[in-house]
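Heads up, the chain below is alone and in the form predicted on its own; it's given as structure tokens.
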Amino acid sequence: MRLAPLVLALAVACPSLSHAAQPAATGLSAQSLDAAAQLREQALADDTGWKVVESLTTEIGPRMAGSEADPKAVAWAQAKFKALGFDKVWTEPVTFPKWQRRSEHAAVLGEHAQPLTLTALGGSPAGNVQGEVVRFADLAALEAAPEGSLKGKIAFVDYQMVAARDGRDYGNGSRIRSRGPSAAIRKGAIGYLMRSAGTDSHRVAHTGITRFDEGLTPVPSAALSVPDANQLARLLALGKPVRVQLDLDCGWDGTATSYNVIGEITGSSLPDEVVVIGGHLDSWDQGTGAIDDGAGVGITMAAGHLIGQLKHAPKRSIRVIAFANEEQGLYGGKAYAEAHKDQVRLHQIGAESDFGAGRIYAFNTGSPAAEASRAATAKIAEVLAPLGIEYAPDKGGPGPDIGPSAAHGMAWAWLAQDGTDYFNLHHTPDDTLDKIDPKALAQNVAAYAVFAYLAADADGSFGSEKKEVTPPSE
């Protein structure tokens, strides 16, 4: 007889066997819930998160992966973890290709000659090209263009992103950035322009990583500021050919090694089990990386620090990670997931703050085996509710650097930030400290402190198990 029918028969004959096969429900004590409520109020009145972001953006500034500022940021993070009282601080290496930006210029030529404000897309090669511009309303229109129709020309994808609290339209903007250049090359283009993946109307361009499909020869690729994209579209609407000169000095230059910087507050009774929170330490080179992702680093460092100040530590350890090189391909998150994939069960749950500093408005958790922790998730949501945070069952997903670990079976939490104005600033020179609201930042710290503390002090797990899965997108 096969084992499965035997177990089924025994379960029917003895219901207690069937019940025992189910994981015990995860619980939270009244004492833990009271402590979390006090922690929430303490965090709202605390400015540690702001001070951390201020320090990072002021003392280090922009910190593109592989740049001279990268090791300075790593040293800063190590020192900051120690200053904030974390019990353990260490680094784990992350190696990646190094891309550099040196200079970038563009101009309309001929009768309506004028400069254009743009920025090279990360991963673009250097090059000086001149050609007639052909406008496409979106990526689908470019992909539908006849083969060879762009020979000797410059493709221009003019898609306007729409602002939304959850940033849902960034999927379109990021696909135009990542897939557009290869689509243009296939049609014969010698260069690629796109309206910035942003929702602002300022004359600053949004950078971001792009990719070129294997077998294609990369071409200079850049994003125009929104006003300049509008200007170029108006010139094209006059009905005459428009020629543009595009000069980019940038490109790949070997490899670099940076580090995931990790700080840990030791748990009281299950110290080898961890709740992971974090943000990414790197930024693009134009602003000072305040919202992307200095805020995430400040929020999670401050949350860990406040938990570490409690008289009674939670059962499990709080592990805060400042991930390396998220911007150019999730290199830090992937390296952490690979290094710790055999320790998935020791990871109670993980969450990343990487969507700016807007107020958190929704919360949920998920995992390959999440049902047993549903009641505990709802209890955490109750403590978060005074912060204006709703429980949103069946919604959300892991943050970008948490995603690779979630794909190995780690449970994840979703703390959804209001991103209505996030893409006004994202990947631009405008990503600076003055754009952060200290009160909104404190609300984020309070939410992460409550979540991390209660997850670490829970009786039972949130369902992490070593299993290859496809986690949902946020």
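Throughout, we count residues from 1 along the sequence that is shown. What you see is a predicted model; the values in this text were computed from it and never measured.
Beyond what is shown, the protein has a form predicted in complex with a further copy of the same chain; the following relates to that form.
- The contact with a further copy of the same chain in the predicted complex, taken as any heavy atom within 4.5 Å, belongs to Thr57 out of Thr57, Gln443, Gln417, Ser405.
- Among the residues Asn364, Gln78, Thr288, Ser182, the one placing a heavy atom within 4.5 Å of a further copy of the same chain in the predicted complex is Thr288.
- The chain is drawn here without a further copy of the same chain; in the predicted complex, the stretch among 256-264, 349-357, 226-234, 148-156 whose residues come within 4.5 Å of it by any heavy atom is 226-234.
- Not one of Gly171, Arg175 and Thr377 is positioned with any heavy atom within 4.5 Å of a further copy of the same chain in the predicted complex.
- Contact annotation: Lys435 falls within 4.5 Å of a further copy of the same chain in the predicted complex, judged by heavy atom distances.
- Although the partner is absent from this view, Leu238 contacts a further copy of the same chain in the predicted complex, with a non-hydrogen atom inside 4.5 angstroms.
- With a 4.5 Å cutoff on heavy atoms, Asp430 counts as touching a further copy of the same chain in the predicted complex.
- Residue contact with a further copy of the same chain in the predicted complex: Arg186 places no heavy atom within 4.5 Å of it.
- Shown here without a further copy of the same chain, the chain has Gly110, Glu111, His112, Ala113, Gln114, Pro115 in 80-118 lying with a heavy atom within 4.5 Å of that partner in the predicted complex.
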